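Next comes just one chain, in structure tokens: the form predicted on its own.
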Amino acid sequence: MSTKEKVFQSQFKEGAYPFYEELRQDNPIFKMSEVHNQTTWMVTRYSDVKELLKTPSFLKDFSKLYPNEDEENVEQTIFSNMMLDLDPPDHTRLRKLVTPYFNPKTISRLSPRIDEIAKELIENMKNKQGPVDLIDEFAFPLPIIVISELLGVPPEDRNSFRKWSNTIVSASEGEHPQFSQDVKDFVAYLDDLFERRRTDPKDDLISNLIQAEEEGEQLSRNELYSMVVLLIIAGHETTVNLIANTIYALLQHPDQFNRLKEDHSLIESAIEEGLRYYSPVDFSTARWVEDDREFHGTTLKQGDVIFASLSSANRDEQKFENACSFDITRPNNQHVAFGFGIHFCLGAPLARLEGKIAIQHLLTACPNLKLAPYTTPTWRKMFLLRGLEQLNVTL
């Protein structure tokens, strides 16, 4: 089994951090695999990761190297125009279109509603008997409700969104038997939703994006599909991990958890440390090498694939003192959990706000929160993301 195949496995996630440490010391630009004369690389040091993420000649749009002349299928419809996988000027145009909805000032207006959602979910949890899965009952529903309301998705459709999102994210592991059908169902659903918003616009992001598409200058129909899919997936998958991973780290470090319970002013700092310690996104999405080049002593060939290990960068001893320690008072925490450069996570302000409110309410309502006895949380088998299968706790 190649290293690239191994990183899809839950067992790899469990032992990833010591492996990254070895790579940073001995093999920082690591060859993960080589297939048909194309090499896949992993970059692990903090400084190298930042350089990779800001260098324009590491392309996000692979079609610049591998033009696809085949007829576009339904899967390409929602993925080929995704902002995350585009370079300027297309990336610049699409990001500018949605940035006003995700700036800190706009996002701050959502605080009262996120407060309501968090309180309601916690009350529902407290009414259950025995241990509860904090992910199913709290960390997942909170961000999916928020992003659904922001986009204008009806409440009754959220479970379908979860299924489709899980399928799409899981496809990063390799073959997924339901992938094609779920994508078709997703597109059919979006077609219906878009038509309803055309005839009956609401005060929501989808209605505004449809208006931009109809103006014909800013957004094509396929870009509209891709934008909504990206916002749905990125708008909740990573935030689920942010909340659950940070809580898990706190429960693993009772001294830090007790300190936070005694001083709630440390919540924002604890969120940043959670992002660094168990980064919700393990790897950046792929970049392609535009032309043959040397990168810190390693020869890269045109068309090679290269990933930045955000998790490794965030534990780099050259950047962070006591990098493997979880310290909610860590000063000047310049992690790269949200990426770096022009592709820095658009939803970072929303994720931080949701994380802050979620943990604030948990501390207040459940001060005796503990891991459920006789349970060992395990990491999901995903390449790009780091998230737990379950987080069973007692309240």
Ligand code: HEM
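Counting begins at 1, following the sequence as shown. This structure is a prediction, so every number in the text was calculated from the model and none was measured.
What follows is about the form predicted in complex with the named molecule, which we do not show.
No residue of the trio Leu110, Ile145 and Asn208 has any heavy atom within 4.5 Å of the named molecule in the model of the complex.
Phe338 is the sole member of Phe326, Trp41, Phe338, Tyr46 with a non-hydrogen atom within 4.5 Å of the named molecule in the model of the complex.
With the partner omitted here, the residue from Leu134, Leu250, Ala313, Leu242 that has a non-hydrogen atom within 4.5 angstroms of the named molecule in the model of the complex is Leu242.
Between 314-322, 272-280, 194-202, 126-134, the stretch whose residues reach within 4.5 angstroms of the named molecule in the model of the complex through a non-hydrogen atom is 272-280. In the model of the complex, the named molecule sits within 4.5 Å of a heavy atom of Cys345. Although the partner is absent from this view, Phe102 contacts the named molecule in the model of the complex, with a non-hydrogen atom inside 4.5 angstroms. The named molecule is not shown here, but in the model of the complex it comes within 4.5 Å of a heavy atom of Met83. When the named molecule is considered in the model of the complex, Arg158 lies well away from it, no heavy atom lying within 4.5 Å. Annotation for 19-37: no interface residues with the named molecule in the model of the complex [heavy atom within 4.5 Å].
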